[in-house]
Each structure stands twice: as C-alpha cells, then as structure tokens.
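Coming up is one lone chain in structure tokens, specifically the form predicted alone.
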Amino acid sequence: MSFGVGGGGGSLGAGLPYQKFVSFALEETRLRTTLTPHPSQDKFKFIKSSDDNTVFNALSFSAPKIRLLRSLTIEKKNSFQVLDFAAFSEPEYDLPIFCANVFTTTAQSIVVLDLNPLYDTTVHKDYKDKYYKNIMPLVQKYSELLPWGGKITSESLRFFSPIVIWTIFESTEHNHHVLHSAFMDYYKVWLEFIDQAIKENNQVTVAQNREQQHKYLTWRTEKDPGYPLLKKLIGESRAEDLVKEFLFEGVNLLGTKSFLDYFPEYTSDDGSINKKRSMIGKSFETRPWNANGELIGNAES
C-alpha cells in the first residue's frame, strides 16, 4: 500500500468511493472470464479494526490465467481512504502485474498506478517492447492531468514500468474522476493482455516467470509502506498475516528465496536487512522515461 500523511480542509466526499473502482474491475473481468473466490478471501473477509470508525473490505479471486486478483479498501470516516488493488497472472504467462495503490486524505491523494513489469525493462528491452511499446500513449494521455509526484528513489523505480502514474493531487471531485478514468484504461489494457496471452509450455521459462513474480512479492512484502498503519489498526500479528497471506499472497508459496537472496546489497554488517538503504541512491524529480519508454535519467544523487 502507498500511504502518506495529509492535512487541511476539503472533504473525502469530493472523491469517489474506491469500492467503485473495485466493482468496475470485477465486472470487466467477469465479462471475459470466470472468477472463483480465492482461499484467502474467507480468511480476510471480515477484518475488524481496533478503531470502530475504520472499515476494511477485502476481496480475492482467481481465474483461468489469473493466479490472484485481490482488492483491499480501507475507510475511516472524515479521515482517509485506501485502495490497494492488484492482479497477478499464473506463472505460465509473463504478464505485467496490475497495481493500483491510492491513499486519500481530506487534503490530498497519493497514487501509484502501473502495469508493473515482471522483468526489468531497463535490462530486458524485448520485454519492454512486447508490453509497453504500443501503450505509451496511455501515459501521455494522463501525464498532464496526473503529473509526476516528485522525488522517487531509484530502488523504487526497478519495479515500475515506463507507463507508471506516480502522482500526488488535491482531493477534488475532478481529480478523482480523472484517476477513475486512468484506472479503467489501465485495467482494460491488462485484461487485453490476459485475453491475448498464450500459455508457455517451456518449464524453464515458467520457472523464471514464477521466480520473477516471487521476487516482486518478496520486495513488496518487505517494503510495504502501509504496514505501520495496518499494525496500528489491526495489530502486528494480523497485519503481518494480511501482508503475506492476502496482499502479497504467494510470497510463501511461489519460491523459497529470501529478501537478501534477491537483494544482497541490502545486507547489513550483522546480516540483517538494512532498513535505511532506501534513503540513498539516485532520486528522480521528473518522469525518467521518454515518449518511447526509454529510461533517460534526470536523476540526482
């Protein structure tokens, strides 16, 4: 989840309830395939917050070609709303991961919307061309309406695609309608990828896809910025379960490598994970890709 802190005036009522985003996605998916409740849905369907004013809504499904499609919305009346929506293909397909993270206060919304690449597009040009070359107009359509949200570290960039929308905007009705439009457009593209996807029979390639998805899940599980808020709302044990068994379900099943196996550069002298490392390295104040999806930099150390 992408959480931030905001204050000031305004009203959450100016935005759209994020359940509307979820309903759209489920309806669009059901037009194309059959959704089956995922086992994680029963376990997390009724999440009770220690704060009686905060409402959780968790849904998860699977389908042919789709390993996991899940959503989590959180709403605290007159305070904040959260949308965390993601969709993962089965490992027999190398599809990007649909990702929508929104945190809204009365003052502002912090947004990440992307088709996260399974393979690093700066290294795998063939993967970038396969999935992003023909959809670059999407980000051009929204880059002015939903401008780049400011500095972001190069470590975060490794799991973003050239069409990522990373933005912070005032919580107005107009801005939330623009976001809703972007969500619909991006999700329709992901569903088209699902429709067109051809099953991979080469077991070596399937294993590579599985490992790349596990690597992504391992990163997100460790780096989830929403964990402190979840811990505050539902307690540490339940928050850890929600992150590992719902939000990033598969992290304990798709592979056995640890975070430091994938990212040894984060190893501290005592062998633990260096939590502060994310604060160093290059940061990007402006969108670091050109209209062709090529990384152009504009980073500062």
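All residue numbers are counted from 1 along the displayed sequence. Remember, predicted model here, so these are calculated numbers, not experimental data.
FYI, the form predicted in complex with a small molecule isn't displayed, but the following is about it.
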Just checking whether E75 would be counted as a contact of the small molecule in the predicted bound form - the rule being heavy atoms within 4.5 angstroms.
no
Report whether the minimum heavy atom distance between A86 and the small molecule in the predicted bound form is within 4.5 Å.
no
For V189, is any heavy atom within 4.5 Å of the small molecule in the predicted bound form, or not?
no
Is there a non-hydrogen atom of P91 within 4.5 angstroms of a non-hydrogen atom of the small molecule in the predicted bound form?
no
Give me the residue from I152, I135, V206, I194 that has a heavy atom within 4.5 Å of the small molecule in the predicted bound form.
I152
Using heavy atoms only and a 4.5 Å cut-off, determine which of I97, A182, L229, L146 is in contact with the small molecule in the predicted bound form.
L229
Quick check for you: of 169-177, 194-202, 137-145, 105-113, which stretch puts a non-hydrogen atom within 4.5 Å of the small molecule in the predicted bound form?
105-113
Quick check: do S156, F160 and D224 each get a heavy atom within 4.5 Å of the small molecule in the predicted bound form?
yes
